[in-house]
Structures are given as structure tokens and as C-alpha cells.
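Only one chain is given next, in C-alpha cells, and it is the form predicted alone.
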């Protein structure tokens, strides 16, 4: 798709390091084209050392809004004064909205994941969910599981102290919600834990940065246990391939990406994108347009 950008074109962007792989420009620009809006979305390589300066430059360049990806989300939550309740809960920003020169930080990740899980007909009431990881992505996953009514969420992480800190923070801010159980990464090989799982979410880069995923007894889970990888790719990830072989339902983060992107689009432009346009653009860019 060719874009004609001129001095009157409204600009939105994504800041990241790296950022060249981002599919967000394809999604947002498809929506702009469908709505015939004179706006464009670009990917900008911003290093960690330059994030504060880049955020200050948003009003100067009259950017309407900016998405943030790794490694900027948690740092931005400390740099932006006006934060949504979602950001204060998660401690991370993935959307910066420019309103007449004033910056507002929001986070659409948990809402995007929650919406995707609902579309996949995942019902967690009275059920156990397992979240692998304890970083910002894991926090969004835990929150989504809490909102879906999980009775228990097991947080499994290589560093148990980080899992414990995440569980404590999320339990404190979501009183009366799901029981949160911090565990070590070895818990994903615990048959007693796995046999009660309705959902297992990989919220780590494992399988993306490494060829293999740690030992996991996929067949110990119930047959309806959904394996969800926040990583999205053209083909099944190292986390999902064994689940497919075990005939368990699987999904990757493409749906979450689309949903959080649609929410961000509305925040930036004050109009919703046409239904299905951003999803079609993402799947096409991944070579999965037949899905």
C-alpha cells in the first residue's frame, strides 16, 4: 500500500528497539486507507537512552499518538504524569495519547488479550490458568485472567521472587479476585498442576529467542486446555507446536495484537477502525491471509 504523506498528514507512530519487525504500521495504515483519512502510522527506532527525549518531542512534532513496544513500556510509566488506572495497575504504558500538547499514558494490552480470549470462548470461572513469565506482558495476562473470572492463576517464572512480586502487586490491586500462586519455572512440569489447567499462556520470549521451550507435559492437561502464546508469527511457535501435536487447542498473540491495536486506534483518532480491516492487514503481512 502506498501512502502519500504531506505537510497536512496527521501522524501516529510506534517507538521501539528493535521496531523494524512491527506489524502495527500495516494494521493502522490499512484502517486509515479504509476510512480515507489523511493520516499515516510509522515505525520509529528509539533507543532506551533516547526515550525521554522522544516522548517530549511528541507534542513538538504534533504526533497524534504513539504506541510503545519493548523495551519502553515500563520506563514510560515513570516518565509520563497523566496515567490511566490500567497503567497504574500494570506499571506499563503501551499507548501515549497527545491531547493539545498534553500526554496521557494508557495500556490496551490486557483488554486486547481479554477480548481475544472471550472471542475464543474461554470461560475461566472456577478454573485454573497458568501464566509463564513475570514481566509486563505477564502482568497483562494475569489481569486478563482475573477479569475472566479465573479462580486461580499460577504465575510460573524462572526467578520465583519476580513471580512473587507480581502476584503480590496484582492481588493487592485486585482485592477479592483470583487466587494468585507464584511458582518457579519447574512448575510447568508438575502433572498435578497441569491436569487442572483450562488455559496456559506463554508471556515470555522463550521459543522466540531460543529454538526450544522448557520441558512441558502437554498431554497432562485436559483436552480442552487452550495454549496461548503472546508471541505471534507466520507459523506455530516452539511453545505451540507440541500442543498441536498433543491435539490441544492453540492460539497466538495475533488476535491480542489486533484488539489492542483497534483500541489504540480509537484513542489516537477518536474514531473506531472499520471491523476486520486491521485483522486482515495483520494476517496478510504474516502470510496467513487464508485464516
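Positions refer to the first chain, counted from 1. Note that the coordinates shown come from a computational prediction; the quantities given were computed from them, not determined experimentally.
Although not depicted, the form predicted together with a small molecule is the subject of the following passage.
K.L.:
Only one of 170, 137, 122, 197 has a non-hydrogen atom within 4.5 angstroms of the small molecule in the predicted complex; which is it?
P.N.:
Checking each option against the small molecule in the predicted complex, the one that comes within 4.5 Å is 137.
K.L.:
Go through 127, 221, 157, 146 and name the one with a heavy atom inside 4.5 Å of the small molecule in the predicted complex.
P.N.:
Selected residue: 157.
K.L.:
Please identify, from 228-236, 51-59, 38-46, 262-270, the stretch that has a heavy atom within 4.5 Å of the small molecule in the predicted complex.
P.N.:
So the stretch in question is 228-236.
K.L.:
Against the small molecule in the predicted complex, would residue 65 count as a contact residue? Criterion: heavy atoms within 4.5 Å.
P.N.:
No - in the predicted complex, heavy atoms of residue 65 and the small molecule never come within 4.5 Å of each other.
K.L.:
Please check if residue 164 has a heavy atom lying within 4.5 Å of any heavy atom of the small molecule in the predicted complex.
P.N.:
No, residue 164 sits far enough from the small molecule in the predicted complex that none of its heavy atoms falls within 4.5 Å.
K.L.:
In the predicted complex, is there a heavy atom of the small molecule that lies within 4.5 Å of any heavy atom of residue 180, even though the partner is absent here?
P.N.:
No.
K.L.:
Counting only non-hydrogen atoms and a 4.5 angstroms cut-off, does residue 101 reach the small molecule in the predicted complex?
P.N.:
The answer is no: residue 101 has no heavy atom within 4.5 Å of the small molecule.
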